[in-house]
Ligand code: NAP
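Here we start with a single chain on its own, the form predicted alone, put down as structure tokens.
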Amino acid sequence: MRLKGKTALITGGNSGIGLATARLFVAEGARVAITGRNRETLDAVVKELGTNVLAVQADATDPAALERAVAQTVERFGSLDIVFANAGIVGPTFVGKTSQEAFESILKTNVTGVFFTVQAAAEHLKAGASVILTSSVHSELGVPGYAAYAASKGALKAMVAVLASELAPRGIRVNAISPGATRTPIWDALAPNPEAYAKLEKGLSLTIPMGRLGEPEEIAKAVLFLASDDAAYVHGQDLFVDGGVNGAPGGTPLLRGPQ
């Protein structure tokens, strides 16, 4: 077991990539605290995964709530070794059609919330600890209509560099994970029914060299690597898990041409 005896905090751990990571961490021997805003889904995770999981209802935009979540984690499990600052939101912010409130709400969750998650946990982390931030391929893709989301994820890449420098003297590693399009509830607003989802998935798959969406479990395995001692010399990096979108854009089905 790669995480035996370790304690992890996962924000946004009640769905999508966060939930898949919680499942994998528990299977690998970790004690896991998850946060989220929905009490019902939090309780469902505890029911599924058992006594090695603590679910704390906390809004990622509330620094006091994040501090309480960390305190409850340490009180329950006695330590904190891994922080996966994963909670985030997405929404369109087209130029000329976006309110200041809509723009800032994305930054508040995706940037400010992540920083205060790390700050709340920092005093409890010791040498060998791992901090992982969830960035995105959007930080580099330039997708029209997603200025706030892309800016927030780009900010996290910059934040990783600063946090990695700041925490290095304490032996704490800091890295980012940048997923591509992944099969999670984040698409529900754009595709509210199976027919719409199938159409969306088909279109997205044409832009991915691997020809398909990623699965949350595939992202979770990359997070596990960064969290574990297997990545003991990996620090200040941004790991793209995107089916080749960032590294091999010329290989997308749209650009391959006749085979």
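Since the structure is predicted, the reported quantities are computational estimates derived from the model, not experimental observations. Residue numbers here begin at 1 and follow the sequence given.
Below: the form predicted in complex with the ligand, not depicted.
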Just to be sure I understand the contacts: of V160, L80, A120, A87, which is the one whose heavy atoms reach within 4.5 angstroms of the ligand in the model of the complex? A87
Counting any non-hydrogen atom inside 4.5 Å, which residue from T98, T112, T182, Q72 sits next to the ligand in the model of the complex? T182
Wondering, does L167 line up within 4.5 Å of the ligand in the model of the complex on heavy atoms? no
Should G243 be counted as a contact of the ligand in the model of the complex, where contact means heavy atoms within 4.5 Å? no
Does T207 make contact with the ligand in the model of the complex, using a 4.5 Å heavy atom cut-off? no
Would you classify Q237 as touching the ligand in the model of the complex, given a 4.5 Å non-hydrogen atom cut-off? no
Partner-proximal stretch of 72-80, 149-157, 167-175, 124-132 relative to the ligand in the model of the complex, 4.5 angstroms, heavy atom: 149-157
Checked 53-72 against the ligand in the model of the complex; residues with a heavy atom within 4.5 Å, sequence order, are A58, D59, A60, T61
